[in-house]
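Here we start with a single chain on its own, the form predicted on its own, put down as structure tokens.
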Amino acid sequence: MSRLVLGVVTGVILVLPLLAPAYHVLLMLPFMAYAVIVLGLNLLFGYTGLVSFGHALFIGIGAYTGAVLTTHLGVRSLELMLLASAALGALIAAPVAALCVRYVKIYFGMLTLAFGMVFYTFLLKFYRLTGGDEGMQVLRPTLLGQDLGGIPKTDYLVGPYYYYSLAVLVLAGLVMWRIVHSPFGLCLRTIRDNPTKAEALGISIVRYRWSAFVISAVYAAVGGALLGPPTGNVDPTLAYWTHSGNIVFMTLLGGFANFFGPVLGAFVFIFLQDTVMAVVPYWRLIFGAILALVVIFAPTGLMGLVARRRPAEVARA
């Protein structure tokens, strides 16, 4: 049944540019970028049991890597942008993770928040390098070596860029599925559930947490690189702590206990945010109320509600 639902959803996403208004198709672009990001975050959060409040650091790294490559270095290949973002994200995550994963619970969260705010301050204050609060321009990248500069930007985004982002999301999802269902993923869940027992079994807790952190950072950097081209600009707010809160919110909203939960959370967040922002100016207040309701009535997220209803329906049958 779940495979059927997944196939139907994939089919709808594939034909969406042919059926939906361009505005709604454009909203799918940040969704797909954030879906990549939360897949990585959930490896750290849902499977390892560590909550990061500074993951926007790596989103900013990916976004600014794309901006520097296209604007200052003349590199327009999106493939190179994604690879460079992933490599730089891993390079910076390695020492950050080495320090942070030695701590757990609120101490881990506060350390990641501190590193994120240091990077945000760097982006904001070093104006000559980063453009300060004005950000940096991201030029239109080429896709698979094809220069598509001759077509209108909207057509470019709802056509080639849309399907390219979808391909990246599918590939990221397949790789993450393999990771979490591998012996490595099993070790992460053991560490999450009972670190004392995991250590007694000979599992290096620090090394596994470090690896999960770095993989999560790579996903965040790749997602950040995908966020730049649709808007044509990146700015320091991408690395601000509230942005980290947003992706944690997405993960909670969808349900971190389910593999596809964070992806659903990203989808609902993006479209609900757009709807609420169009109606009321204090949309964050509404989101806070929704999060409170989710925690109270659906602590396992939206996917948890679906999973809870399904056994009940089977029992009634």
Partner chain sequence: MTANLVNILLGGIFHAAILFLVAAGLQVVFGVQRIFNLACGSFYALGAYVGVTAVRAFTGAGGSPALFIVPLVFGGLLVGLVGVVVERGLLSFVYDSDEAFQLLLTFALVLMLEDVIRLTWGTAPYSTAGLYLVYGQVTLLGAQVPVYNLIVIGASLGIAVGIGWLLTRTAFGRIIRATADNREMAEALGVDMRWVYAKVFTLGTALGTLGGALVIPTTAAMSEMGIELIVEAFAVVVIGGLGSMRGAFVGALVVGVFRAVAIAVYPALEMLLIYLIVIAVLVLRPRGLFGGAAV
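The shown structure was predicted, so the numbers you read here are calculated from the model rather than taken from an experiment. Positions refer to the first chain, counted from 1.
Below, we turn to the form predicted in complex with its partner chain, even though it does not appear here.
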* Could you tell me if all three of Arg140, Ser165 and Ala266 have a heavy atom no more than 4.5 Å from its partner chain in the predicted complex? => no
* Asked: Out of Leu83, Ile203, Val175, Met110, which one falls within 4.5 Å of its partner chain in the predicted complex, going by heavy atoms?
  -> Met110
* With its partner chain left out of view, which of Ile106, Leu171, Leu144, Leu73 would have a heavy atom within 4.5 Å of it in the predicted complex? -> Ile106
* Which of 209 to 217, 177 to 185, 110 to 118, 83 to 91 sits within 4.5 Å of its partner chain in the predicted complex, heavy atom basis -> 110 to 118
* Would Trp283 count as touching its partner chain in the predicted complex under a 4.5 Å heavy atom rule? -> yes
* 4.5 Å heavy atom contact, Tyr161 to its partner chain in the predicted complex -> no
* Give a yes/no on whether Val12 approaches its partner chain to within 4.5 Å in the predicted complex, heavy atoms considered. => no
* Contact test in the predicted complex: Pro195 vs its partner chain, heavy atoms, 4.5 Å -> no
* Structure fact -> Restricting to 237 to 257, the residues within 4.5 Å of its partner chain in the predicted complex through any heavy atom are Tyr240, Trp241, Thr242, Gly245, Asn246, Val248, Phe249, Leu252, Phe256
